[in-house]
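What follows is one chain in structure tokens, specifically the form predicted alone.
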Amino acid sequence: MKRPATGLSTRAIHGTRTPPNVGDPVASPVYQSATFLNPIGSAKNLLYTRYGNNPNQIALGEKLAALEGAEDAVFLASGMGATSLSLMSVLSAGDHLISSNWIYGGTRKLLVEEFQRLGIAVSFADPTRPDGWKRHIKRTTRAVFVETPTNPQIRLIDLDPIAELCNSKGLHLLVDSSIASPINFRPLEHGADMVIHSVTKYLNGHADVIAGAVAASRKVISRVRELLKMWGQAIDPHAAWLIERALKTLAVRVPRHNSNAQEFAEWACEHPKISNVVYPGLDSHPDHGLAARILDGYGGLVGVTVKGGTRAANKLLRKLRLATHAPSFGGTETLVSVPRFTSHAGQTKKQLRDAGIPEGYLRISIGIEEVQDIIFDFARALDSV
């Protein structure tokens, strides 16, 4: 009998481990050590936690690589660290990067301010334009960066035509897939060269670790590892152990986020005090057709605009008892954030409008509580608005 392909949940739990021996621990131990015994006369197999090759770090990379269908993966100290080093692994001074205009505010700040200082030029493409990517290509262009689904507008970008363009021009395609997680979407299957995660979000999923990750070919990851050593981006062994433990339930948690968010979004659409709901699982979403074609689940993020703008939204936030007003997303608990104060803080009113963030817009990370309890909490809070 032909052995079936290993499922995502099995990969998340077991990775690519070798057959265990009698006496091996069932739960992975924490290798809480900065350094390890060195071989004599050679640098081969040198283990040093700052190098990102502590046994906990290695095991974690193997699991994510298995989940994403990549040759290798490496974990870093934050999602921004993963974005920075992945881009730096393919760009140098004098190079040009094309970025989607729909990106996290912190990433935009990195590209506009720090990359300019490093001599890397950046152009921003409008994903809604058919020629939005091609028209920005220059002789010095080396890579394209895309975030999908996007934060906080929850828009989708079709990677297939972008990957085809990048392949024809010899460009690297880097994709931030933090919002989807490999349970809902795997960018490498759509032609991406590198997939980036803020591990703080769904991969860890318990709001207790800050980390990032990159999955790609062995050649690319080896370059990221070299940068990791120089820029000090290694995660500590205990954080790696916590993430590996959390990964074991990823394929169980994410479907619950998906179903809860779908039911919440459908309820919110009918509420008289909510003027607009943004969720890829709704027919009204501008990218619903694309989402239905490429995603295995619509995710746990829902955007709502409260009638009455900022003042009304603030009243709602003060009355919530189950949901927590806090940044980040992807945890087991329901979180609500105001993007103009978090992901897009410091932007002008025009910039916020252009980014699809009107006054009264809230990004809700639907947790895995009972969905009726989440709905009741918001319904009661909205009664006060």
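All residue numbers refer to positions in the sequence shown, first residue = 1. Remember, it's a predicted structure, so these values are computed and weren't measured experimentally.
The same protein also has a form predicted together with a small molecule, omitted here; what follows describes it.
Residues with any non-hydrogen atom within 4.5 angstroms of the small molecule in the predicted bound form fall in just one of 262-270, 144-152, 123-131, 243-251: 144-152. Within this chain, R186 is remote from the site of the small molecule in the predicted bound form, having no heavy atom within 4.5 Å. In the predicted bound form, the small molecule sits within 4.5 Å of a heavy atom of G79. Though the partner is left out of this view, A192 does not reach within 4.5 Å of the small molecule in the predicted bound form, counting heavy atoms only. Within this chain, I162 is remote from the site of the small molecule in the predicted bound form, having no heavy atom within 4.5 Å. Between the options T200, S84, S99, Q233, the residue in contact with the small molecule in the predicted bound form by a heavy atom within 4.5 angstroms is T200.
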